[in-house]
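Next up: just one chain, as structure tokens, the form predicted alone.
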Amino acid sequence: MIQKMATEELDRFGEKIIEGFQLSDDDLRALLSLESEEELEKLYYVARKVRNYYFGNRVFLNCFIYFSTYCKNQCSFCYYNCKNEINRYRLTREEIKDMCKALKGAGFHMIDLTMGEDPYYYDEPDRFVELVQIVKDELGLPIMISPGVMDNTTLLKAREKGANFFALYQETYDHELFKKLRVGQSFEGRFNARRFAKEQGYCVEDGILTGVGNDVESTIKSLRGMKANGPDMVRVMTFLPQEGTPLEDFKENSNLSELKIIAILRLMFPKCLVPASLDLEGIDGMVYRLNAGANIVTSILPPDSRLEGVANYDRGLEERDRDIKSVIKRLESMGMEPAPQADFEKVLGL
């Protein structure tokens, strides 16, 4: 196991992953239990080695358009849950079309259309399908949809109109923790929605939270649960307490860090997309996540945008520093660069 490895053995460990070595549960326990800076740097080194074998120094860039912050759900961890008394917005068709015009030629590989489970769209699902069509017509780029648990008919229609990727996060595969996080929601419903999307030709993204009551064993359960999905993109995000939510005052001194799990995701899913989100620590945090094995930058906002992200460390700041030009500049300083669009479409099987 990795904590018993000498530094000179690390290259061989990376090679074993590339050759098809699968981590056992004991391997996962050992990796999740690493604590010293030296051990963690070894882990990140191996994760980068595996990533670079498949993707080189090239990174993908995902534009995040949170077009509606209305939601019918009561997720205890989410700022946008229906019980939270906050200012909300819902972009109009014209606003989305104007935004697309501003994004033309910006350098994004994919557009992520995200919303809460907004009754406006759930009552009339064709309204959502129409937005997919607008974005496809305006930009012609691959589209990720993150609409929550949409019905199968709507998923099929969105696929026909040009949606390529379906993102739906389980957050945890620990059933008891799921009940506490996604209050009143169906565990199987989310799993089945991803499975249906995959069967219809979508690429799918799954994701988990850490630092929210998960321990080593529940984290292993979640990693194995994601593996069973056959996902194309796997995400982990640190829980950030949100004002006005049931978990607003939740605090946990966890050693199950996001960076550690990103590196483990790279070893478990060597050919998959693993996000470096800007939501928690901005571009500085992106650097850490890429150095842990991530290969797609997410939650990049449109230029001059006041749109929301999923968890906004920078809410209310005048300078948000989450635009694509700032991201590319930092990538170049790291010796990395945006991948050609053809590389991304090859990942999607287009």
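It should be emphasised that the depicted structure is a prediction, and the values quoted were computed from it without experimental measurement. In case it trips you up, residue 1 is the first one in the sequence shown, and so on.
Omitted from view is the form predicted in complex with a small molecule, to which the following refers.
A.B. asks: Taking the small molecule as it sits in the predicted bound form, is S146 in contact with it (heavy atom to heavy atom, 4.5 Å or less)?
C.D. replies: Result yes; S146 sits at the interface with the small molecule in the predicted bound form.
A.B. asks: Spell out, yes or no, whether the shortest heavy atom distance between T114 and the small molecule in the predicted bound form is within 4.5 Å.
C.D. replies: Flag for T114 set to yes.
A.B. asks: Might S299 be said to contact the small molecule in the predicted bound form, defining contact as any heavy atom within 4.5 Å?
C.D. replies: Contact with the small molecule, yes.
A.B. asks: Would you check, heavy atoms only and a 4.5 Å threshold, whether K260 touches the small molecule in the predicted bound form?
C.D. replies: No, K260 is distant from the partner.
A.B. asks: Residues in which of 266-274, 163-171, 126-134, 99-107 have heavy atoms within 4.5 Å of the small molecule in the predicted bound form?
C.D. replies: Looking at the other structure, the answer is 163-171.
A.B. asks: Identify, from the list A197, V234, A158, M237, the residue with a heavy atom within 4.5 Å of the small molecule in the predicted bound form.
C.D. replies: Selected option: M237.
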